[in-house]
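We begin with a single chain expressed as structure tokens, specifically the form predicted alone.
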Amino acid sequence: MEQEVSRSIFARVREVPADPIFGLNDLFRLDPRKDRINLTYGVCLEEDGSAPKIFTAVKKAEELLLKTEKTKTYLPILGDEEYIRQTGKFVLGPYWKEEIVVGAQTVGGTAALRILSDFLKNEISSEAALSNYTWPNHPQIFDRVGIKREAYPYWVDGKFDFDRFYRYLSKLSRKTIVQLQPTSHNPTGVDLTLEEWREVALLCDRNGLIPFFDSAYQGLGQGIEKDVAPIRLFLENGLECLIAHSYSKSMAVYAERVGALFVCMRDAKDRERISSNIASLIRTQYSNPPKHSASVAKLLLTHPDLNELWKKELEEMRLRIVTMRHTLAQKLGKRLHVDFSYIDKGCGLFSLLHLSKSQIIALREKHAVYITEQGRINLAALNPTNIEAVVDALCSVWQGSKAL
């Protein structure tokens, strides 16, 4: 009998695997155990483990907007000009110069990464190098736009090996895009020193590499200014670079999707051509960005009282993460008699644990502790009420392990 042919136009649509992080969060939500602990999501939870509260500074900004906002008309394709200007100053500091920087408001940091990746692929380069390990969405974005990628060694045998990292970068072809994270490296939490960054900047300049920064955690690593010092160091040395920026974590406005992109160039004559390319890409992807999120961020950046309050709340969050890093490293070290100082010395939301796939599954299935398949743990989801349970679970799966 002749095989029946499906009449559906969707019959051959392939199924795409769940996102590595959001897929785990779906599993977490379906888990009926009341004592389950979610350490996968890159959000700064409250001390009782509840979802992040809205910053008081954000609430006050929204109250002010409610009283003063007069229209909901479209923003320009590149976004709110004052928001772009203030974000440029926040990230680039003294190197914000409108005549040699193209800036755009974006739908979170992810849209900034995607727009810039599209721009690079279409106009400049189709080869990139990403750190091993990195945020799972980095390789997915490059793959989607058709950029050929390779992984440079970053986390080797449980530590950052600068010499190996530097040697690998020195062998890359000219015009290779090098994805870099200026602070709070995701997922390791281990960053370069400023002197190491200086060496990388000189190497990129000498070998014609293209620095592409993903700045997602400004203010949550070592502080607002120190967290973008590597970017400013590159600009100080006259390098051209691209930057994707996000306020999701630093303003705790995850759902508002507020970000920005910047293309920093040497020659002002290139600006209009770059700007036209960026505008065209935005127009065909989401037309123009949302107004509310930029208006809130703009107030936090410019209103003196709100700016002071926001920075205070941001610093409190940063210090709580520092405390959880120290506490986890101390408790694990005492229980397992192993040096976990790399956790303590790291910065930002994440650290990478030396766990096998079977141990990660055991954490989830036996102990209701969810971490990513990389072994990434979100320190900002730890708190005094759950840390003992997390330590117990980790010690249980690690007992007798040769990985330690």
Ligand SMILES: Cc1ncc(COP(=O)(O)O)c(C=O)c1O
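Everything numeric in this text was worked out from a predicted model, so none of it was measured. Start at 1 with the first residue shown and count on from there.
Below: the form predicted together with the named molecule, not depicted.
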Might W135 be said to contact the named molecule in the predicted bound form, defining contact as any heavy atom within 4.5 Å? yes
State yes or no: in the predicted bound form, is some non-hydrogen atom of L113 no more than 4.5 angstroms from a non-hydrogen atom of the named molecule? yes
Taking any heavy atom pair closer than or equal to 4.5 Å as contact, tell me whether G108 reaches the named molecule in the predicted bound form. yes
Heavy atom of K298 within 4.5 Å of the named molecule in the predicted bound form: no
Whether D118, N122 and K175 all lie within 4.5 angstroms of the named molecule in the predicted bound form by heavy atom: no
Stretch in contact in the predicted bound form with the named molecule, which is absent here, among 162-170, 135-143, 202-210, 278-286 (heavy atoms within 4.5 Å): 135-143
Can you work out which of A294, I231, L261, A216 has a heavy atom no more than 4.5 Å from the named molecule in the predicted bound form? A216
Going by the named molecule in the predicted bound form, which residues of 231-267 come within 4.5 Å of it through any heavy atom? S246, S248, K249, R257
